[in-house]
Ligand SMILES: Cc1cc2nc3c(=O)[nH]c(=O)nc-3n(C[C@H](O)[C@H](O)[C@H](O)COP(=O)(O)OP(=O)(O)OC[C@H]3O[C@@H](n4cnc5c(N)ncnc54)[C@H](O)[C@@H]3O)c2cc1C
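Okay, here we've got a single chain as structure tokens, the form predicted alone, with questions on binding and movement later.
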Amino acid sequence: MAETLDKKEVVVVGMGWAGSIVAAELAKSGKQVLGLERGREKTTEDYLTAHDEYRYVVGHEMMQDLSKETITYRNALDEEALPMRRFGAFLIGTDVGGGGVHWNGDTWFYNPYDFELKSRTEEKYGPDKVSDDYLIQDWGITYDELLPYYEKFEETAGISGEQNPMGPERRKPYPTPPMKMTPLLSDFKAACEAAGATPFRTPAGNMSEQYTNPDGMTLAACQYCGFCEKFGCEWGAKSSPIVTTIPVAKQHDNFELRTNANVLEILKEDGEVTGVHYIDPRTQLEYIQPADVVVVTSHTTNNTKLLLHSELGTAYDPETGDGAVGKNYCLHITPSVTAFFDKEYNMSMGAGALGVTIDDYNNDNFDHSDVDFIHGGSISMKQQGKRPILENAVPQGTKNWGAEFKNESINAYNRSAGAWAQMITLPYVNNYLSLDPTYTDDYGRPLLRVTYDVTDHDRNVHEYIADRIEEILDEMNPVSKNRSELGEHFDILPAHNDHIVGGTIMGADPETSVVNNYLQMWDADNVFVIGGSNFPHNGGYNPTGTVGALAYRAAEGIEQYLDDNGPLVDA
């Protein structure tokens, strides 16, 4: 029988970027906050010997244990979904800090076009530019409304960068200057300019210099060791919750961090949400944690799964179009080209977001009248530091074993580099999240089921963007190139990237969204859901900056709710 604990004002489920921002902001304002994290607490010291590619990249030590909780996957409604047994297309972090610890550091403002995708597209190109099967909608918030929160996240995280020539004019400079330039990136920048594009430095959460943020947290300067993605930073030089927001929350006695607390359900009594039910996976002891407000911040997949398990909101039905929980599941597809050169670069040094980007083929930055798609993607070349096990690109036609492979991979290690795009995918009527009718997790709950396949729109954007990448790389005079191809169907096993969104989307209409623009549930005033799951579609950039901005705005909303109760936005 579950033990009932003392009531808290706010319980936060998941302590990554979103959860820790909410916890820190509410703790600073004097609210009584409990942060629940299913994993362990980790600090910078835990990553002092972390340069182990097999342990962290192959073994996915910082990710959810798929033997305990996984998802099932299928391409179409009439298929039986099967469990995902190893990570590929996306990663689900665990432990304190979540994905904010193992990320690369790319930190963007979404474009104003993103927030008004449907209305701006129809205004410029007419209502028939995109078929009704693509469920595009506005976000219920504008860029200008979110801008102050973007700026606040940048200042907390110490983001470096420079003005995007294709983006809105910045009101403030980046908190830190751009990272170092390398010979490879200089050559790519020149190639972009030769191809008629307008390159700029990728905005990065890797510190270009020592930085102290407005909360007094000091981050060290990046050492360019090349162990960012899927690793924690042993220098405290990559912005993350464990060096910014969580220490701030812990400065306040009214905040408590409780680890090894896996939330199974949001509880209701007489129709009102009263708290959460969680289990300690070490002891299997179960607890009831009452709270005035429940904040769900546990990754796109787990946010959606928790609402479905708790029967909060209405599950999306692709047959009828009714419901919104699980709707608009999207991801990034990454058109990419790897070029092989006859000159050498030092590819072992780098940082997660050390790069050069162009935005010329993203958003509505070019006329889409004569193409069969909208939006596009940002194109980047990054120097992230090649590691010894999996970083072994070879020219097409090379055998993938034996002496030929070894010789070619050694030769290409410092003579090859890739460029790729964060390409949008539009929400589609049959791509969604639901509960699996067959498979259950370690606690007996139905697994989350992903139904997803590539659409015609995806193929059209992919072909166009890949052509642009090839045009740029041709300006670098490569010896040969490998171009990625989009398969007939989406496969969840090959690595793509981690940017899955949707499932608990925001909007202005309770019929087509789960939360309002404060991320407060339309169906439960005292439940706030925050993360990539709020995005009605993915933009052409990495999502973390937008998650951070939304979390700061939601924290304000939660504080208002605690003072006044009731809905923060009229339906």
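Numbers follow the displayed sequence, beginning with 1. No experiment lies behind these values; they were computed from the predicted model shown.
One more form of this protein exists, namely the form predicted together with the named molecule; it is left out here, but the text below deals with it.
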**Message:** Each of G14, G97 and N302 within 4.5 Å of the named molecule in the predicted bound form, by any heavy atom, yes or no?
**Reply:** yes
**Prompt:** So which of A466, I141, L447, L91 gets a non-hydrogen atom within 4.5 Å of the named molecule in the predicted bound form?
**Reply:** L91
**Message:** Under a 4.5 angstroms heavy atom criterion, identify the one residue in D114, D359, E154, D498 near the named molecule in the predicted bound form.
**Reply:** D498
**Asked** Pick from 282 to 290, 266 to 274, 165 to 173, 101 to 109: which stretch has a heavy atom within 4.5 Å of the named molecule in the predicted bound form?
**Response** 101 to 109
**Prompt:** Would T297 count as a contact of the named molecule in the predicted bound form, using a 4.5 angstroms cut-off between non-hydrogen atoms?
**Reply:** yes
**Message:** I'd like to know whether S484 contacts the named molecule in the predicted bound form, with contact meaning heavy atoms within 4.5 angstroms.
**Reply:** no
**Item:** the named molecule contact in the predicted bound form: M506, any heavy atom under 4.5 Å
**Value:** no
**Asked** Hey, in the predicted bound form, does M521 get a heavy atom within 4.5 angstroms of the named molecule?
**Response** no
**Item:** Residues in 250 to 282 close to the named molecule in the predicted bound form, defined by a heavy atom within 4.5 Å, in order
**Value:** A261, N262, V263
